[in-house]
Structure formats: C-alpha cells, structure tokens
Ligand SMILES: Nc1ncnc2c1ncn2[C@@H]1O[C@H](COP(=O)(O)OP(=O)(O)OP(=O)(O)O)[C@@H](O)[C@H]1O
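Okay, here we've got a single chain as structure tokens, the form predicted on its own, with questions on binding and movement later.
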Amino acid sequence: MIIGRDLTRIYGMGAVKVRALNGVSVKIQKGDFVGIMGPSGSGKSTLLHMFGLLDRPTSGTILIDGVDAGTLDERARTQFRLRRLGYVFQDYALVPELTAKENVYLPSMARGMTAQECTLACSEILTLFGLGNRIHHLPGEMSGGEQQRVAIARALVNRPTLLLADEPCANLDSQNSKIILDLFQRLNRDLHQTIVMVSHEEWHKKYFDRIISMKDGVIEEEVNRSEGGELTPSP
C-alpha cells in the first residue's frame, strides 16, 4: 500500500542543514494499524507528512497504491489527498464558525457530492462516532474529545484508503485519549481501515499491531504483534 524507499529530508536553516530523515525505507500494508514512535526530533512527524503528501522528500521515492507521489504536480497531489487520504491533527483543525456537521461536510463538498449526499454522509458518520446529538454544535460548545471525534469523522467521510494521525491524543486527557484509540482500533478491526499514527506515549503501544521506532532520522527498530498478542522484532 505504501512503499517508501531511501527517504531523506534535509531542511535548510541558514548555513545549518538539518537532516530530519536519513535514508528511511518502510512498507505499510493494507489493513495495518501502525504506530510511529520516538523522541522529539526523531523524524516521526516528518515521515508522516511524507506519507500524507504534505511535504516532499529531498531524495527517495514514495509509492501509495502503486502511484509514485514524486510524479504528481501540486494539483494532482491535492486531488490525491482529497480522494485517498484522511488526516487527523493534534489540534483538531476545525473551523470554529462551523458546526460539527459543516466541518465534516467540507471534504465531501470538495469532492463534488450533492448537498443531500453530503448531509446524509455527515449525519451517518457523526452518529456512528456517538455525536448524533452534537451535529449542530460549534467546536467551542464541545469538549476536546468530541472535537477530535469530529476531526476524525471529517478525515473518514470520504472513505480514504489511508488514515494518518499526528499525535491525535496530545491535547486530550487519558480518558478521552482512550476513547479515541478505542475508536481507531474499532475502525481498523471492523472496517479494515489502514491507520498510521504518530505517538510518544508508551501506553499507546497496546493498540498498535506494528510499531516503527525512530531516532535521529532513522528507523531504530520495528516490531510486530504476533497472533498471541506479543510484540516481537521484525525479521
């Protein structure tokens, strides 16, 4: 599903060059629930941005569903993100003047769905996420956990092949974090949604089927969950 080959990303800061990724190669299979973990500055968010076509590698290639992302111009990248990718940010990134339904409505409208189709899709997914009674509420009228569920609904309303989440629990307490992670796990197991999530919380590991640990721009270790539930190093 995703194949990254020898990815590097170098940022220029005056005379100083920062190497955020240093030759990373990775494969993500359809239906995986992958956690990317590591300390600040390890390159985990940079790698996620590459998968989400929010940034371009300095060198290396990324294939998503067989499409070489490097061959896409900006318009094609935008359409690819809209139709195939869903993104969840740690700060929710909701439009404060819009209701829950209207925030979820935006990606569907951008895809050219009719108003009736958008309304139906938004109502269905918000109800699925336990927000049927919050559809007409503004973000400021909802808790952080509710806002993040709206953001996840928005990311999934177009039924993306890949859901990318950049520390989606960073601004939530442990109770709301568990609600979000339980939701992700249910989406992965029941709907076979492919999810790649960045996290630095150790207790999140129990949710992931595979963990990619990063340090200083390289993959330090990969582990997979066995049928018995244990995490074991990849061969």
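All of these numbers come straight from a predicted model, not from anything done at the bench. We call the rigid core the largest set of C-alpha positions that still match within 1.5 Å between the two forms. All residue numbers are counted from 1 along the displayed sequence.
Form predicted together with the named molecule: not shown, discussed below.
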(message) Looking at 78, 158, 90, 119 here, can you tell me which has any non-hydrogen atom within 4.5 angstroms of the named molecule in the predicted bound form?
(response) 90
(request) Counting only non-hydrogen atoms, choose the one of 32-40, 63-71, 169-177, 205-213 that falls within 4.5 Å of the named molecule in the predicted bound form. (result) 32-40
(message) in the predicted bound form, is there a heavy atom of the named molecule that lies within 4.5 Å of any heavy atom of residue 45, even though the partner is absent here?
(response) yes
(request) Answer yes if any heavy atom of residue 200 is within 4.5 Å of a heavy atom of the named molecule in the predicted bound form; otherwise answer no. (result) yes
(message) Once the core is aligned, does residue 90 move its Cα by at least 2 Å between the shown form and the other one?
(response) yes
(request) Note whether the distance between the C-alpha atoms of residue 90 and residue 44 decreases (closer) or increases (farther) in the predicted bound form, against the displayed form; the change is 3 Å or more. (result) closer
